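Only one chain comes next, encoded as structure tokens, the form predicted on its own.
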Amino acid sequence: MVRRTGRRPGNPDTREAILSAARTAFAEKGFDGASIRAIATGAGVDPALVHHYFGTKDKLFLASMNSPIDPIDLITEVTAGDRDEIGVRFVRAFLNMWDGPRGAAAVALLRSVVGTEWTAKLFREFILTQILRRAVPKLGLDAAEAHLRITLAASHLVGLALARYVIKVEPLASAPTDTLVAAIGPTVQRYLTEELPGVFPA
């Protein structure tokens, strides 16, 4: 008998079935609690097929989120350079992503986060496991302060994205990138590394 080679067996709906099962598992159990085996069972496929289509659990999670970015790339860009300019780099990288080819996907994701609870759960897991977990060591933040500092920065940027790209409030919606970087970068820097009176004093 000749063994078949090439792509593992799977019908055209297999990939979407895996993504659907993954979204449910990640929303219900969180990133850490959802296993590839359980996701495969939910999709009615072998775990090896999940790895075939998506590779790692991290990549499956990003695919299930329809994430326009790989957080590793963003974090690497933001943390490369002078620590005192992290806020500026963070805001610039964020705006470049939204203003670039991936912007439409980012807007769609943000709309779905606002509109549905299960997507909001996925987005919370995205921030906690894909951004916080990776950013803390690279930013060199005190572990006791890191989560609040990073979520403060994230809240500011998500609010910026809603106002500029979804609601399109003027003049924010049409303001030049350099203007926003100059205005918002120092605030994000303060959230991440500087004294926060009443919270993290110097």
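Nothing here was measured: the structure is a model prediction, and the numbers come from that model. Throughout, we count residues from 1 along the sequence that is shown.
The same protein also exists as the form predicted together with a further copy of the same chain; that form is not shown, yet it is the one meant from here on.
This chain is displayed without a further copy of the same chain, yet in the model of the complex the stretch 145-153 from 53-61, 145-153, 66-74, 35-43 comes within 4.5 Å of it by heavy atoms. At least one heavy atom of I167 is located within 4.5 Å of a further copy of the same chain in the model of the complex. Within 4.5 Å of some heavy atom of a further copy of the same chain in the model of the complex lies at least one heavy atom of R124. Using a 4.5 angstroms threshold between heavy atoms, D99 stays clear of a further copy of the same chain in the model of the complex. For the chain shown alone, L162 is a contact residue for a further copy of the same chain in the model of the complex, at least one non-hydrogen atom being within 4.5 angstroms.
Comment: a further copy of the same chain is not present in this chain, but in the model of the complex one of A120, I131, A105, V88 has a heavy atom within 4.5 Å of it, namely A120. In the model of the complex, the residues of 100-126 lying within 4.5 Å of a further copy of the same chain by at least one heavy atom are, in order, L110, R111, V113, V114, G115, T116, E117, A120, F123, R124.
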